[in-house]
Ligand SMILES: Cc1cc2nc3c(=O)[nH]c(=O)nc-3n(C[C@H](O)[C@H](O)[C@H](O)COP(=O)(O)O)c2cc1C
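First, one chain by itself: the form predicted on its own, in structure tokens.
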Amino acid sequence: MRKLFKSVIALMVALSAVGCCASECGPKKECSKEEAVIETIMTRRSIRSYKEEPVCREQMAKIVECGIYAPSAMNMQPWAVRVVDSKEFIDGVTAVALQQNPKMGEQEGFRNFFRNAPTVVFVACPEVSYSGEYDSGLLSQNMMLAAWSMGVGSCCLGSVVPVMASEEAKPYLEMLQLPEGYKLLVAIAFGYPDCEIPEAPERDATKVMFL
């Protein structure tokens, strides 16, 4: 099943097209919505190696649209989303990160601070909000799952936040034009995978109880 899914993902990436469903659905058999959604959730992995080609704007627009359709408390939609595919921006933040941690650049194949991703989404929420972080998490997961269904990999990058909060990165944080009173919560790398799709670590089902 995993090998078939990897083949389908590779084909979707090569065509830069929106994917549908992999796995047990044969070439002449359409997947049900349930099968497609479950397959996407169960096979999505964090990708840490990307091709240099930015994710096309049409795909990113659909990914972000799926994100903002996430539920939020009282439909307040307490998030701010910024999509960046500017190489100058990404390289600029990378230079700041390298100043703070030069050893980072010694990693094999290192191109940028965002796991070499060519497209980065920054997600922010209000500094004072009882549900902003949780709601923004739902938005982020929606985007990552939508991306995976299109053959686009992703990876949450919490380490970006302290770098962006530094004085050296202030010009780049200002470029994001976040609303007043908002804080940067997470950055998400997006791109076409340039690696083998990793296996899922074992999950601990004992943490779940039916009462």
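Owing to the predicted nature of the structure, the values given are computational and were not obtained by experimental measurement. Position 1 is the first residue in the sequence shown; the rest follow in order.
A second form of this protein, the form predicted together with this ligand, is not displayed here; the remarks below concern that form.
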Of Cys56, Cys156, Ile38, Leu178, which residue is found within 4.5 angstroms of this ligand in the predicted bound form when only non-hydrogen atoms are counted? Cys156
Contact label in the predicted bound form: Lys62 to this ligand, heavy atom within 4.5 Å: no
Quick check on Arg115: any heavy atom within 4.5 Å of this ligand in the predicted bound form? yes
Lys51 within 4.5 Å of this ligand in the predicted bound form, heavy atoms: no
Would Ser166 count as touching this ligand in the predicted bound form under a 4.5 Å heavy atom rule? no
Answer among 30-38, 65-73, 43-51, 170-178 for heavy atoms within 4.5 Å of this ligand in the predicted bound form: the stretch 43-51
